[in-house]
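Before any questions on binding or motion, here is one chain by itself as structure tokens, the form predicted on its own.
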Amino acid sequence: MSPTERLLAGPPLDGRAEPLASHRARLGELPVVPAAEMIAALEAAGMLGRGGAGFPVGRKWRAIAEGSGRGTPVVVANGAEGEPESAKDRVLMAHRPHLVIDGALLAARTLGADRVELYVGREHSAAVQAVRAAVEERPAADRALLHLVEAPLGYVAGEATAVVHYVNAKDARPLATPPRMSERGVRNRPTLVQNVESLAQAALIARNGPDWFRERGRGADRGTALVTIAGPVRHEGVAEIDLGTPLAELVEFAGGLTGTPQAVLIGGYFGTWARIEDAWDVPLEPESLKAAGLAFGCGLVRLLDARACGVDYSARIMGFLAAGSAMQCGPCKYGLADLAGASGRVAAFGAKATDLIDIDRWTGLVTGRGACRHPDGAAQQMGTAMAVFEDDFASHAARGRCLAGGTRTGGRR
């Protein structure tokens, strides 16, 4: 359904992975680019990481390259994708695994790494099978570098330090820093943890150059990006768009609306809610969204139908995030559990007198205090939900009535 394709260009997305012969016939061999030139190309492209944090990829690679005296680096291709409604990484790995592997090998060559960990969520069976088969298609020299790791279930299992912790000790809990992973990560060696879409983009930049990359994109943030659109549209799924494409155009690309959306969650469960009228014309790119108080995050765009209850939906997200935390520090173990409990009571028309006040207070208290950013992301989602669905939260709590149509004694919530 994508109007513009680079990452997804090639054979139809019909459930089969593109084999190595087709991949090479279409794109050619991965070129050998001198390390300094490759890092400069990534910086000139201005590509931001596609894993959610949006950190400049070239700067990340340079940090490891300039610390070469710390040991031989390791590259980790992060395809955990624990975000329940996002599908971009698993679609990319399931259909274009060799493009991801090209990017991982490119990073290894550029940084002088002797090991590449392909970290794929074990629940994404099609992606796991495609990556495993793609590794077997590769020449022996490539296979010696490539190691498939099936990431465990869990939202935090894809957080960068949790990835390193799992590869090292089979324990996918985030670690407090320092040291930075660019200094000491997998096997206590400098480690690049890079999202699989970012690596695939890097492989295309190696072939076509930074100017080619910057030909796409409508604003300050350049290139294309994979997004997942869900909700009342004709064709839910993954699309590749120019960064800066307005939400209205993405909906058009998805076949148009099948209902009347009231709000949109942009950026996934760590993202931000917005009223549909406030977000309809906002360009989908990190800089423009940030200026609007929103976040691009993992590229999930979830439209919420007017008949659905925003209080219930956001409370269920909070419950998921509380249950999916590492439970290793107070903000997650207690703060998110309390937020989930209070928002759940409000959603179910059983609010305590102080629940709305407590939700507002606790979202501020947990922010910035965790061992990782998990409580920050959860609080961001909850705080924006409270603002966007303010009237419905109040109606749930005070009157036992859902503005979307539910009641205390039954009906839709």
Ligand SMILES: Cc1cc2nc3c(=O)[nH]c(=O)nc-3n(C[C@H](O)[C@H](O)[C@H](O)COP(=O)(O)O)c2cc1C
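For every residue, the number given is its place in the sequence shown, counted from 1. Keep in mind the model is a prediction, meaning the values are calculated, not measured.
Beyond what is shown, the protein has a form predicted in complex with the ligand; the following relates to that form.
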{"query": "Candidate from 82, 232, 283, 217 lying within 4.5 Å of the ligand in the model of the complex - any heavy atom", "finding": "82"}
{"query": "Contact assignment for the ligand in the model of the complex, among 213, 155, 253, 166, heavy atom within 4.5 Å", "finding": "155"}
{"query": "Site test, 78, 195 and 270 vs the ligand in the model of the complex, non-hydrogen atom cutoff 4.5 Å", "finding": "yes"}
{"query": "Which of 261 to 269, 155 to 163, 233 to 241, 309 to 317 lines the interface with the ligand in the model of the complex (heavy atom within 4.5 Å)", "finding": "155 to 163"}
{"query": "Any non-hydrogen atom of residue 26 within 4.5 angstroms of the ligand in the model of the complex", "finding": "no"}
{"query": "Any non-hydrogen atom of residue 62 within 4.5 angstroms of the ligand in the model of the complex", "finding": "no"}
{"query": "Any non-hydrogen atom of residue 51 within 4.5 angstroms of the ligand in the model of the complex", "finding": "yes"}
{"query": "Exercise: residue 373 in contact with the ligand in the model of the complex, heavy atom 4.5 Å", "finding": "yes"}
